[in-house]
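There is one chain below, alone, in structure tokens, taken in the form predicted on its own.
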Amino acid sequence: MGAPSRLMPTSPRLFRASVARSERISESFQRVTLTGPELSGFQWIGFDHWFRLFIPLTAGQGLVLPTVKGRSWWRSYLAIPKASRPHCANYTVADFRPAGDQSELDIDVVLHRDAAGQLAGRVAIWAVGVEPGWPAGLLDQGIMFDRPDGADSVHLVSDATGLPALRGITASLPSSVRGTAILEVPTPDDSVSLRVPAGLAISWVHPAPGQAPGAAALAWLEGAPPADPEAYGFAVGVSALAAGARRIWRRQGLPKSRITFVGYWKP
């Protein structure tokens, strides 16, 4: 399921920025902080506010960005010659600190590894090796979290790639909201502190060696009390987790209109 169009900017803005710093914040996460004068115009709305990240293909390469007209940018992006076309990936704002020309935006990147234990994924490799001053671009895309009016009970499920989204959502929810949040992260070191309403119970789960991504979270969800049909379910992360959570909630009687599920990636 994509972001509901009503939650997306009708004329999303494309921002140029540069890397301020990059640091390891846990065993499985690298945080890249972007800055630059243009970010003073970024209107962060909390929740799972996401964007398209553009980075050069190689170190030291200039950044060529597509032209954005209304919500259209993809054709312009494909028109950029392959040798200079930037890599594009979707990320959630981990934090934003407005400060005029010194505004900063954090991106938390999961450090996936291949079967040989080597760092995998262009953005992960970029995040670990990036240096201050390197260019980046981001295209504002709004939010996907779409809690219906009157839904005071929410159920959240994600793997590590959805952690920034869930952290933003729990911090943005009204204090009266109750429910559950299940977060699957690779190690206990990745279980960060969250700001949550008092009535929202957090469950951190960790996959067993060799267990498929998302399987531990789904097993936990299967054993949880059934969702209230008047609740709202939000599941993001690996595609199998997002789709699996939706199936469980539908089986429990939660209407599909009260479920948002988004597959961020596939193994």
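Residues carry their position along the shown sequence, with the first being 1. Quick caveat: nothing in here was measured; it's all calculated off a predicted structure.
What comes next is about the form predicted in complex with a small molecule, which does not appear here.
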Legend entry - Check all three, W50, H87 and Y91, heavy atom within 4.5 Å of the small molecule in the model of the complex: yes
Legend entry - Among 117 to 125, 174 to 182, 147 to 155, 193 to 201, the region lying within 4.5 Å of the small molecule in the model of the complex by heavy atom distance: 117 to 125
Inset, instruction - Please check if Y264 has a heavy atom lying within 4.5 Å of any heavy atom of the small molecule in the model of the complex. - result: yes
Legend entry - Contact flag, P164 vs the small molecule in the model of the complex, heavy atom cut 4.5 Å: yes
Inset, instruction - Give a yes/no on whether V110 approaches the small molecule to within 4.5 Å in the model of the complex, heavy atoms considered. - result: yes
